[in-house]
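Okay, here we've got a single chain as structure tokens, the form predicted alone, with questions on binding and movement later.
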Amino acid sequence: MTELPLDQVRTLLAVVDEGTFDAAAAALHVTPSAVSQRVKALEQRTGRVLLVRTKPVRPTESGEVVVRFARQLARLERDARAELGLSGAGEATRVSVAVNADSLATWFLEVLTRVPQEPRLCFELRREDESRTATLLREGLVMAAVTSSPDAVAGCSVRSLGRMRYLAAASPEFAERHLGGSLREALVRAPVMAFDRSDDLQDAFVRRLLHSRTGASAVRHHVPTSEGFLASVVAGLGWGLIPETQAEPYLADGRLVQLAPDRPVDVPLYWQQWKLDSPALVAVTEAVTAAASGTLRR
């Protein structure tokens, strides 16, 4: 059985994290030649190319497997040091999580308040669309993720969190100006909000409403924050799908009107995490599931 020497594995991780062989050498306090030799030796052992030699370097699909293993190994080492009392005084455990913007703006921050004070944790949250957070997990960049995919990433476990409900809404002035007559016909032409160029939620809503391949209008504004997206719809720049918990206060006081009350959009969310017996991950997972159960629909 081919072993993976730990110094070579850690070196590969350093190259990926630092972006170049020279930067990795400086971080590891060795020469660039030594870094190059370790990576080459690891590629020979595995029989696979592990890095794409670009600037910055990128792990190949096989490289992602080794990078994920390296991060899990580092996590286990830190947990073991903490249990043995070898951690530095006051040292906190860092937990990296990928989470979508709407969850971050509505329910996920409550997670931070639910995590017990011990073990001491500090969070590194990476904001990404729920359809792409699993990619960060697959690449080993995060330990856990809120994702829309029920398919477990290799080496990870998955559990359902619930469904985030979205409501199609617009300001009353916008609705009067752009959405009079047939709503189905108007939505194809009316200015629309989108989170970014990858945001397909509004297009999918229109396609389902029309039972066709026609998406929302090409006249669209991109606002890549959940709070900014909501503010833009309230301001009348366009219509958009807004998380139910964000929309409710504005619907109640009349600053927003719902466009299709019988057509909410539910996006299922899942929690994926490394399969590690880590006290830090256990604490975070318990907090995530508790917070989600109080906000998301079942």
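One-based numbering along the sequence shown. It should be emphasised that the depicted structure is a prediction, and the values quoted were computed from it without experimental measurement.
Another form exists, predicted in complex with another copy of the chain; not displayed. Remarks below refer to it.
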### Task
Pick the stretch from 234 to 242, 252 to 260, 23 to 31, 60 to 68 whose residues have a heavy atom within 4.5 Å of another copy of the chain in the model of the complex.
234 to 242
### Position in contact with another copy of the chain when the complex is considered in the model of the complex, options 124, 77, 173, 151, heavy atoms within 4.5 Å
124
### Message
Under a 4.5 angstroms heavy atom criterion, identify the one residue in 136, 161, 156, 223 near another copy of the chain in the model of the complex.
### Response
223
### Message
I'd like to check something about residue 197: if you look in the model of the complex, is any of its heavy atoms closer than or equal to 4.5 Å to a heavy atom of another copy of the chain?
### Response
yes
### Query
Contact between residue 228 and another copy of the chain in the model of the complex at 4.5 Å, heavy atoms?
yes
### Message
With the partner left out here, check for me: in the model of the complex, does some heavy atom of residue 212 sit within 4.5 Å of another copy of the chain?
### Response
no
### Task
Classify residue 94 as contacting or not contacting another copy of the chain in the model of the complex by the rule of any non-hydrogen atom within 4.5 angstroms, answering yes or no.
yes
## Note on the structure
Contacts from 174 to 191 to another copy of the chain in the model of the complex (any heavy atom within 4.5 Å), listed N to C, are 177, 191
